[in-house]
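One chain comes next, on its own, written out as structure tokens in the form predicted alone.
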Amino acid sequence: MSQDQDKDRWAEVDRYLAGALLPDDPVLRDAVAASDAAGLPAIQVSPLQGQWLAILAAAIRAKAILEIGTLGGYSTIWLARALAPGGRLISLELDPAHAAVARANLVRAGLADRATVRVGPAQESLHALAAEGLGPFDLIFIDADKTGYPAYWTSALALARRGSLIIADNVVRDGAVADAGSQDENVIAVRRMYDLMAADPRVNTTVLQTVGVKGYDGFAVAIVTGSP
């Protein structure tokens, strides 16, 4: 099959699996519709990926979740729903307009009491969280500008604890991440993050390549095994 046929097939399978396994969810559907109406880019995780994130959060009984990159709050809803009782989620977003859409979506989802959105450059917000003593976080999801990934990884690790999960999205880049000579700044940044992960004895890391409605990409998943 051609590359286009492959992508069509991946998307077809993704839609089948989501339809077979995930019940219709008006809250999530409305969150996507509100994001579309506000002109936000349609780059949120897929429904199956959202469920995967929620399963991981529930499996570790996460009471404190940090999300770097909110967009319209779609993944935020998935993660906030999976919080253990009494848990909290903080999501960091650069764009005030995106944050406004996300906050409205969280209110409609009934999650505004446990999920908050902070606006500003992510690295500044990460420093502020550390200064305020708001860590450690049980799960940290990185899904923001790729050029910031090395710095986000370093800051996320400082806000983690032994046993925390750190997950980064969009880390395969349609396979381009394997190109050591790539001049793409996103690929360069992701590869630099991998270098930091590989050199750090405090974490065990793997990468899952993914296909589906989001095309060909992947997630890096790290567990903190030593004291940050």
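The first residue of the shown sequence is 1; numbering continues from there. Remember, it's a predicted structure, so these values are computed and weren't measured experimentally.
From this point on, the text means the form predicted together with a small molecule, which you will not see here.
Across the options 108-116, 154-162, 86-94, 131-139, residues that bring heavy atoms within 4.5 Å of the small molecule in the predicted bound form belong to 86-94. Taking non-hydrogen atoms only, Leu71 approaches the small molecule to within 4.5 angstroms in the predicted bound form.
Although the partner is absent here, His98 is a contact residue: one of its heavy atoms lies within 4.5 angstroms of the small molecule in the predicted bound form. Shown alone here, Ile167 lies farther than 4.5 Å from the small molecule in the predicted bound form, counting heavy atoms only. Among heavy atoms of Val45, some come within 4.5 Å of the small molecule in the predicted bound form.
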